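Given as C-alpha cells, the chain that follows is alone and in the form predicted alone.
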Amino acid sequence: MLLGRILDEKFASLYRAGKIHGGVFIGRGQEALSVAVGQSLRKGDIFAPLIRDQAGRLAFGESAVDAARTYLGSVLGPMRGRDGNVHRGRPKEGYLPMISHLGAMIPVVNGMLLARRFKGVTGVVGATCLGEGGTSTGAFHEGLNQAAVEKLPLVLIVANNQYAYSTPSARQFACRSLVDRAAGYGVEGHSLDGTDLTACLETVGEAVANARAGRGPQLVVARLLRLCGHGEHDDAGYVDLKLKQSTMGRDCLKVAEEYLLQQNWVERETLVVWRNEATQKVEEAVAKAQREPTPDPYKENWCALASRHLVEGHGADTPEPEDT
C-alpha cells in the first residue's frame, strides 16, 4: 500500500512538471482493496487490474521500475515505450494490460480461464477489477453471466468509489446494493468496507479461495471513496462534502497504520522508516527509467496483430513479433 501510494504521488508530481505525456490515474483511497487482490493471487493466476490498481500491481509482482518505465516511455519497459501509463502488462505471466473500456476485461479473463480448462490446467483463478460505473455496461452483464454458466474461477472486484468519473452512484444504478446483482446471476456475492485493510484481505482472500476450490465466480463489492480526481487533470470538485466526512472518506492507508499501532505491532518510528525506504525505492526506479532510451521510430518493427502474415504488405514467412 505504502509503496503504491508513494509511487502514485511521484507520477502525479512528474505529470504536473510536464515530464509525463498522457494521463496519470492514481489509486488514493483504494489501495487497501487493490493490494488485497494482488496479495490473494499467486503465481500462475490471472490478474486484470483497474486504472487505480498500482498497489495491486506491485503486490502481484510488478516492479516499481517497470511502472516508471511505462509512464516515462522507456524502451526497456513492458510496452517498450509504445504505450503509456496504465496500459501495461505481461500476458505470459498472467498480468494483463488493461484497456479503458470498462467491463471489457471480464470476457478476456473468461477466455483465458476457458483456455486453461481446455489445456487441463487446474487451480487457476482469474481476477479482474472495475469501478461501479463499469457494472452498467453490457460487457459486465454478459461476462458475469458467461462465467456463471461455465462456473469459471472468476473473481470480479468492484470498487464502488461513488463516482463514475463525475457521475454519482445515484445516477448510475437503482438497486440497493451492487452485491445484490450476484444472486441474479447465481454467483456468490461479498460486500465489504474498502477502507479497512483487514476486511479487504479477509474477504478478497475468501473469494479467491472459493473460486480456486471450484465454487464458481465470486462478486466482491467494496464501499469506499475515491480520494482524488478521476485523473490528475480532474480536481474532483463535484465530490459531495458529506461523503468526504463519512467513514467512506477515510484514508485506508492511515486506517491501516493506526491499526498496526493499536495492535502494538509497530512503533511510529518504524512507519517513518518504511516510508523513507519506499520513497528511496521510488526515486531510484524513476531515476533509472529517466536514464533509459525511448523508442526509435526508424527501428520499430511493431505489429498490431499477433499474426504478422495477416497484415497487408507482410510476407507469410515474416517472423512473428515478440510478445509484450
Partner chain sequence: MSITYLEAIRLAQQRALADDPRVFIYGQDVGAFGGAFKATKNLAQEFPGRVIDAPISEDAIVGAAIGAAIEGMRPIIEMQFADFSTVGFNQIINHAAAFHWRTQVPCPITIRLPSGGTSGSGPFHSQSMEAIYAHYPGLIVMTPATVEDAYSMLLEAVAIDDPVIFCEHKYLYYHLKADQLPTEAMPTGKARIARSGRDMTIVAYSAMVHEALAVADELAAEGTEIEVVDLRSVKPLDTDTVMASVARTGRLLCVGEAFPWGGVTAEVIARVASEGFDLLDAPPQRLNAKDTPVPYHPNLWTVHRPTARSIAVAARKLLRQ
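All values derive from a computational prediction rather than experimental measurement. Take the two forms, find the largest set of C-alpha atoms that superpose within 1.5 Å, and that set is the rigid core. Residue numbers count along the first chain shown, from 1.
What comes next is about the form predicted together with the partner chain, which is not displayed.
S.K.: Out of 80 to 88, 185 to 193, 150 to 158, 215 to 223, where are the residues with a heavy atom within 4.5 Å of the partner chain in the predicted complex?
M.R.: The contacting stretch here is 80 to 88.
S.K.: Quick one: in the predicted complex, does every one of Val37, Met112 and Lys119 get a heavy atom within 4.5 Å of the partner chain?
M.R.: Not one of the three qualifies.
S.K.: Though the partner chain is not shown, can you say which of Leu178, Leu253, Leu96, Ala164 has a heavy atom within 4.5 Å of it in the predicted complex?
M.R.: It is Ala164.
S.K.: If we define contact as a non-hydrogen atom of the residue within 4.5 angstroms of the partner, is Glu300 a contact of the partner chain in the predicted complex?
M.R.: Within the cut-off, so yes.
S.K.: Determine whether any heavy atom of Ala12 comes within 4.5 Å of a heavy atom of the partner chain in the predicted complex, and answer yes or no.
M.R.: Ala12: no, not in contact with the partner chain in the predicted complex.
S.K.: Using a 4.5 angstroms cut-off on non-hydrogen atoms, would Ala306 count as touching the partner chain in the predicted complex?
M.R.: Residue-level check for Ala306: no, no contact with the partner chain.
S.K.: Should Arg16 be counted as a contact of the partner chain in the predicted complex, where contact means heavy atoms within 4.5 Å?
M.R.: Arg16: no contact with the partner chain in the predicted complex.
S.K.: What residues in 223 to 250 sit within 4.5 Å of the partner chain in the predicted complex, counting heavy atoms only?
M.R.: Residues within 4.5 Å: Asp234, Tyr238.
S.K.: Relative to the superposed rigid core, does the CA atom of Ala17 travel 2 Å or more between this form and the one not shown?
M.R.: It does not, since the Ala17 C-alpha is displaced less than 2 Å between this form and the one not shown after the core fit.
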